[in-house]
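Okay, so here's just one chain, in structure tokens, the form predicted on its own.
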């Protein structure tokens, strides 16, 4: 007899995600992914000046503000025919790269690592042995000292003695499946705290170019910042020197700390390379940071890795890269609380997308949502009718399939150390490892390609970051449609805009978490979250009161529900009126 299990809220994510499960015999048989907030940003920007859209749509998320802003300005530029200068594109690439590495580090240490790392156990560790463990896994991080490990161990003990676990409250610390030795737990907790310090460097890079964080400034046609190496009120030599230091720090942290930690921890939980597989279909337009205005088959990219082309891998075949066709994307609402003019079983291309909420679920508080066909606010995107995975695992597999040298080196090295095959990256542990591999590639590209290119151009006198030839609306067509594809930390992000008579007539955003968290479509196909939990019928869940195993799997996707949904008042009250 099956047992119903509800995880709500699913913690250590951005926004609210609810998972409903049916389990039997210690395994998950059925799963439903439910986002319980509504996102209405697309309707807010209608009838507004398209040059302002980025300022509104970057509020889609509280973390990924920059990436939504860049996706928006690129889509608008595609619609009105704007062409930003080379330096502006490089600055956007630097912002994207720094944000992506910061996001991956936050995910691994602060949103996901505690699924594997037992914090209270660290208080029992020998600091000297913790240093030995760090060295044994190849970690050369400067924080691997006996003094540092001792201080962290004592801090953990003080927290335990206080009786209040502070930021570590709510963990399933008595769960028997925490497997790391105490010394490994101490090392990981020390690196968890170091990562909090490190991520400030990443934020500073975006802040210099965007003026502030969160919600930095961008500009249709270029960048809002100015560059003059000799003036204090512009980006100058002093700030460039600071950025150079932060870029070097980024590469050092990822190489000496993050990647070795990910390899070591996933090696202890090696069976999770056989747990949590979702549909073996993958979509990406390149490695992280790849940016296209319009059809990637015909438009330019500013990625540091132009050799990795847009593509799709289908049905687990990693040897055949299919051409990417944006016209094959459609969003379905068979399980979502929306309505379409053509019927709720239809699929709409994003350029013709509709955002018409129609809540038909039970009145809160409720115990179970999945008894009804509609159970989520998240639409279900499909590519050529298929559920696909996006994100680091899709990008790494795509790059590997195309023979990208650095990707192949890192993946083959990891696979050799762990004793796994490449196709096992489609798993809970594989998604976590792919993110660390990608962070290494991005940190190297930032240090060796993108930032040096910007500096070299500046040395040649190129300080142009804005093209105003399309700023005046009188230069725009009466009607223009544009879209963008940007590979961001969590996956493939696209914004779609229609501009008519100088205003936004239609706007849609298809975000990474929508691709992954969406529910069943009209054909009953599960979304990737659901498939990863229930697809094989063997995903473990041994204790419904401590659902650590499904948390590990869903966290491996790095959920960001704020991107997929927005605010809902349970009484239906108007929360805020926004006026221009």
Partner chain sequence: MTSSLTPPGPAPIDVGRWRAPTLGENLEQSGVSRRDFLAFCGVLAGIFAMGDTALARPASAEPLTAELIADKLSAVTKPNVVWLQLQECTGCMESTLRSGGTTIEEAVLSLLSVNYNELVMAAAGDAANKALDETNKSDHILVVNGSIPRGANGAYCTIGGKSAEQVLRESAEHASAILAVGACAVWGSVQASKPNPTGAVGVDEIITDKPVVNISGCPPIGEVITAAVAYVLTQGELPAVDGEGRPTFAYDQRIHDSCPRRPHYDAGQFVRTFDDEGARMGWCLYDVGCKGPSTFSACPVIQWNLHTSWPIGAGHPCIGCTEKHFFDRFTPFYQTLPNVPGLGVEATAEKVGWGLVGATAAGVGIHAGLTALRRSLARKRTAGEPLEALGEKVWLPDPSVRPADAPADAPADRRPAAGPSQEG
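Residue numbers count along the first chain shown, from 1. For clarity, every value in this text was computed on a predicted model and none was experimentally measured.
Not on display, but discussed next: the form predicted together with the partner chain.
S.K.: Would you please decide whether residue 89 lies within 4.5 angstroms of the partner chain in the predicted complex, comparing each non-hydrogen atom pair?
M.R.: So residue 89 does not count as contacting the partner chain.
S.K.: So in the predicted complex, does any heavy atom of residue 538 sit within 4.5 Å of the partner chain?
M.R.: The answer is no: residue 538 has no heavy atom within 4.5 Å of the partner chain.
S.K.: Tell me, yes or no, whether residue 316 is in contact with the partner chain in the predicted complex, where a contact means a heavy atom of each within 4.5 Å.
M.R.: Residue 316 lies outside the contact set for the partner chain.
S.K.: So in the predicted complex, does any heavy atom of residue 54 sit within 4.5 Å of the partner chain?
M.R.: So residue 54 counts as contacting the partner chain.
S.K.: Which among 89-97, 277-285, 158-166, 416-424 is in contact with the partner chain in the predicted complex, heavy atoms within 4.5 angstroms?
M.R.: Within 4.5 Å of the partner lies stretch 158-166.
S.K.: Would 326, 400 and 411 all count as contacting the partner chain in the predicted complex, using a 4.5 Å heavy atom cut-off?
M.R.: Spot residues vs the partner chain: no contact at all.
S.K.: Between 406, 215, 479, 322, only one gets a heavy atom within 4.5 angstroms of the partner chain in the predicted complex; which residue is that?
M.R.: Here the answer is residue option 215.
S.K.: Though the partner chain is not shown, can you say which of 66, 553, 526, 36 has a heavy atom within 4.5 Å of it in the predicted complex?
M.R.: Checking each option against the partner chain in the predicted complex, the one that comes within 4.5 Å is 36.
S.K.: Could you list the residues in 37-64 that come within 4.5 Å of the partner chain in the predicted complex, counting only heavy atoms and keeping sequence order?
M.R.: Residues within 4.5 Å: 37, 38, 39, 40, 41, 43, 44, 48, 49, 51, 52, 54, 55, 56, 59, 60, 61, 62, 63.
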